[in-house]
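In structure tokens, the next block holds one chain alone, the form predicted alone.
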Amino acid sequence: MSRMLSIARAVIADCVRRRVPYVVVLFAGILAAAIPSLPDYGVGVEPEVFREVALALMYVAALVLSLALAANRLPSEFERRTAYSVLSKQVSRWEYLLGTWLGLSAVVAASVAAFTIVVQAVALISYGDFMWVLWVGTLSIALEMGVIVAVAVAVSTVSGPVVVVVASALILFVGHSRSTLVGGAGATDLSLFYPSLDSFNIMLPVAYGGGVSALMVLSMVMVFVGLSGIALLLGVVLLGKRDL
């Protein structure tokens, strides 16, 4: 565990050094600050619309950051032979992979949290409301991005950045399209076998309601653990077969 956490800390330090999270959060924060000025039939943007647009921006920013950090992490480590140095120090391959995922996921989650704080500040200035319900949406986005990062890390054990991005985008599309691709009773029949990301889709309840129930939050956490675990297990198997 200590070795895995050391790898995660090294990943976090490297991401911070490259300043990619800062750029994404700054750009997204500027866009969030501009939301209240959007035209809305001449009466200004309503708080519900503000929350919806802010969550959408947050999701896109988190997705871009996740793919930017995860797609090239392992390929560049193998290319620079840094991975070989780490694995030669009594670090198992599964510790290396999980530590990398943990570090990347922590960076993405922290960036989403920072974006949420910026959005709350804008909401307080514009509407006099901290909009604490946004943190439920923050949790759902951070959990979904954890799954995407797990997929990207797993695929990157055997492929380059382009394939990683395409595969992650495909999983994202398929994960949100069970009803569309299967449809009707077929979607219900395959519900236990078809990996779905729809559990994380709570934008409307957060934007136009009071959030979601504790049971829904528990469901999101369980889906996160299950799908991330499957992706990471696949990554460990693939990395184990790689000739290092």
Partner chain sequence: MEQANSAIRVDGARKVYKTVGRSPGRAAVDGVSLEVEQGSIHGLLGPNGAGKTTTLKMLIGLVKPTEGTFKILGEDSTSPKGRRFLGFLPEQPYFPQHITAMQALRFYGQLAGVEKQDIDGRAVELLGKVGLDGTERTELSKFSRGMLQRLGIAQAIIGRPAVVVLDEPASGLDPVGQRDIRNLMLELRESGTTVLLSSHQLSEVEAVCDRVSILNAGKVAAEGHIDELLNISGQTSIRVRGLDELPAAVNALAGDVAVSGSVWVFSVEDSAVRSVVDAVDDAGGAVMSLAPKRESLEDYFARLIASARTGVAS
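Positions refer to the first chain, counted from 1. Predicted model only: the values in this text are computed from it and were never measured.
Although not depicted, the form predicted together with its partner chain is the subject of the following passage.
Contact label in the model of the complex: residue 85 to its partner chain, heavy atom within 4.5 Å: Residue 85: yes, in contact with its partner chain in the model of the complex.
Its partner chain contact at residue 10 in the model of the complex, heavy atom, 4.5 Å: Judged by the heavy-atom cut-off of 4.5 Å, residue 10 is in contact with its partner chain in the model of the complex.
Touches its partner chain in the model of the complex: residue 171 (any heavy atom, 4.5 Å): No, no contact at 4.5 Å.
Residue contact check: residue 139 to its partner chain in the model of the complex, 4.5 Å heavy atom: So residue 139 does not count as contacting its partner chain.
Heavy atom contact within 4.5 Å of its partner chain in the model of the complex, the stretch among 90 to 98, 104 to 112, 144 to 152, 119 to 127: Among the listed stretches, the partner-contacting one is 90 to 98.
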